[in-house]
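A single chain, nothing else alongside it, follows as structure tokens in the form predicted alone.
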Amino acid sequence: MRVTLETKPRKKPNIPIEAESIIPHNFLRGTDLSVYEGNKQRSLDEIFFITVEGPAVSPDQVEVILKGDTGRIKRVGEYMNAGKIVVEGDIGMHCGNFMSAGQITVRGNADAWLGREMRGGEIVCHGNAGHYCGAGYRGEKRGMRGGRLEVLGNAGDFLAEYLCGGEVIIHGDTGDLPGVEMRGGKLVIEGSCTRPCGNMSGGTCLVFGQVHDLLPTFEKRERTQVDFRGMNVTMDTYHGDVANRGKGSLLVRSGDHA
């Protein structure tokens, strides 16, 4: 089953839409769903032109495609446990919150909290991601716990905060404090970053670009060779964050930190 949701013109397009109902599982029961435009409950067909093609007997067989002005639509894919979602453009905050299985593809940019506290499945963002990508919400002590989150562009501050499991891959640069409070899992940053892995206690972070302001509470151990796009790259290995009695590993491309 393929469900295509194309946004209708709105008089107030800057009002966010809370759309946690948009997950493949819900469309097995039809399209009689609702979302919130600001504080007003709207039926799905008030916001979208809806097209349904083909049948499905399980959520694994459901693909949801979002088109149009989707940059203000929030919480798409929240608690998603099967199927596929494809966003043809940008997507709003909290996309993929708590998802445990399935696949989300964002062709444009994603706002803050992409993959927040994700448990499993896969998210691929072809553009840039905002702050707190793959992180826990404010006050939460556990962030992403499983699955795979990949951003082909850049990511903002506090990337993978409280990362506990799974894999986060950023092809571009990140902002300040990626991997802060990291407890497990794997974080790969192919570009540059600032002050990575503060207060880290576990897990592995690899930075192939330049590191600005490497924290002094990491102990340099040895150099190692890591495969990066088919090439052997020399990496400096750091242990820490010793300020937190941490046992994490921070690998930085040799000569690319200041």
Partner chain sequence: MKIEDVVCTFCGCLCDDLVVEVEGDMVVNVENGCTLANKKFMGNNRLKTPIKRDGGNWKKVGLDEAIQTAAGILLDADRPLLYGWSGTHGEAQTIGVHMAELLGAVIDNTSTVCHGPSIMAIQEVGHPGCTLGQVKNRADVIVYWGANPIEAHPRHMSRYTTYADGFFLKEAFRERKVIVVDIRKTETANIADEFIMVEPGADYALLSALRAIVRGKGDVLPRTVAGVEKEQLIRVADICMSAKFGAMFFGLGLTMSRGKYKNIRNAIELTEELNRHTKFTISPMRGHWNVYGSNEVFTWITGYPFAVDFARGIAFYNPGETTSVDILKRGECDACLVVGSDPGAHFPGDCCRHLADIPTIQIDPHVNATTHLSRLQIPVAVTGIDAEGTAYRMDGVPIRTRKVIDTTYPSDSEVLDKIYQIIRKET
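These numbers come from a predicted model, not from an experiment. Numbering follows the first chain given and starts at 1.
Only in words, not in the display: the form predicted in complex with its partner chain, which the text now covers.
Verify the contact flag for G38: yes if a non-hydrogen atom of it lies within 4.5 Å of a non-hydrogen atom of its partner chain in the model of the complex, no if not.
Close contact exists here: in the model of the complex, G38 approaches its partner chain to within 4.5 Å, heavy atoms only.
Is there a heavy atom of T217 no more than 4.5 Å from a heavy atom of its partner chain in the model of the complex?
Yes.
Can you tell me if Q210 lies within 4.5 angstroms of its partner chain in the model of the complex, counting non-hydrogen atoms only?
Q210 lies outside the contact set for its partner chain.
Contact of T234 with its partner chain in the model of the complex (heavy atom, 4.5 Å)
No, T234 sits far enough from its partner chain in the model of the complex that none of its heavy atoms falls within 4.5 Å.
Check, residue by residue, if H25, E190 and R229 all come within 4.5 Å of its partner chain in the model of the complex, counting heavy atoms only.
Checked in the model of the complex: no contact with its partner chain for any of the three.
Among 25 to 33, 57 to 65, 218 to 226, 44 to 52, which stretch has residues with heavy atoms no more than 4.5 Å from its partner chain in the model of the complex?
One stretch meets the cut-off, namely 218 to 226.
Across 183 to 197, which residues bring a heavy atom to within 4.5 Å of its partner chain in the model of the complex?
The stretch touches the partner through T194, R195.
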